[in-house]
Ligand code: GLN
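A single chain, nothing else alongside it, follows as structure tokens in the form predicted alone.
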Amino acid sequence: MSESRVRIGLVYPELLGTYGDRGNAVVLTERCTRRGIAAELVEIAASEPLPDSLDLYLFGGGEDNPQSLAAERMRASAAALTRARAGGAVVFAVCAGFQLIGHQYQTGDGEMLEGLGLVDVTTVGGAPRLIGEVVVEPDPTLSLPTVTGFENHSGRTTLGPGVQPLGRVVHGGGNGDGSDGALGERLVGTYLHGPVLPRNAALADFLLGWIVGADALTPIDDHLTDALHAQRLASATATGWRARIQELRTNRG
């Protein structure tokens, strides 16, 4: 940890904030605060260089045009991010952000976006577009419960040799090959919005554990988060008339 407080960086929210992924930063900050761990949410505008002093860098989702601009800005700050990573910083990247921390993303229009190469993945835009609820069973070595989220993307992501996905997709599209996301050293990429961390408290704590240590993550009241997780899991895996009932319950609030 770079300072006595955990510094959580929300990267380019005006470009990579289309699907509410700001909520991931809010949840991480709040989960620290509730445990008495000092935390600060730092927003980095696209007009600013990335600092090398953050403990966690959050890259969210975005559409093709903002994603192209974000890719340019990220490459310009690659050296700062490399220094931060060498000092122990964590990266959590969702959808467009996930694609841009890989080597390359070829959009559906054929534009080639060069990524940061933080993890050995490449992505190509394809059809049909993958939209809807996703359920992922994380790799057993992670000791994480089932992860739920929402996807809206056209990417088909290929993991390089030896790269481990976040988990196996049991409902939805994810990377397009039966897996979702990628894992690296203090790095997680995924296609799941929601935003995903408010829906999956264990995944939020998994990231924080890399920064403050698992022993510092004392129990907090997660009954509302657990209820949301259970509801979204039931909704995603429901079929037929059960799915219709779940939809009516969700719309009724």
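The first residue of the sequence shown is number 1, and the count goes up from there. The model shown is predicted, which means the values in this text are computed figures rather than measured ones.
This protein has a second form, the form predicted in complex with glutamine, left out of what is shown; the following refers to that one.
- Across the proposed site, Asn152, Gly155 and His193 without exception bring a heavy atom within 4.5 Å of glutamine in the predicted complex.
- Only one of the listed residues (Val121, Cys95, Val136, Val91) places a non-hydrogen atom within 4.5 angstroms of glutamine in the predicted complex, and that residue is Cys95.
- Contact annotation: of the candidates Glu43, Asp52, Asp64, Asp222, the single residue with a non-hydrogen atom within 4.5 angstroms of glutamine in the predicted complex is Asp64.
- Only one of 30-38, 54-62, 194-202, 211-219 places residue heavy atoms within 4.5 angstroms of glutamine in the predicted complex, namely 54-62.
- For the chain shown alone, Tyr19 is a contact residue for glutamine in the predicted complex, at least one non-hydrogen atom being within 4.5 angstroms.
- Contact check for Thr148: no non-hydrogen atom falls within 4.5 Å of glutamine in the predicted complex.
- Scanning 107-141 for heavy atoms within 4.5 Å of glutamine in the predicted complex gives just one residue, Arg129.
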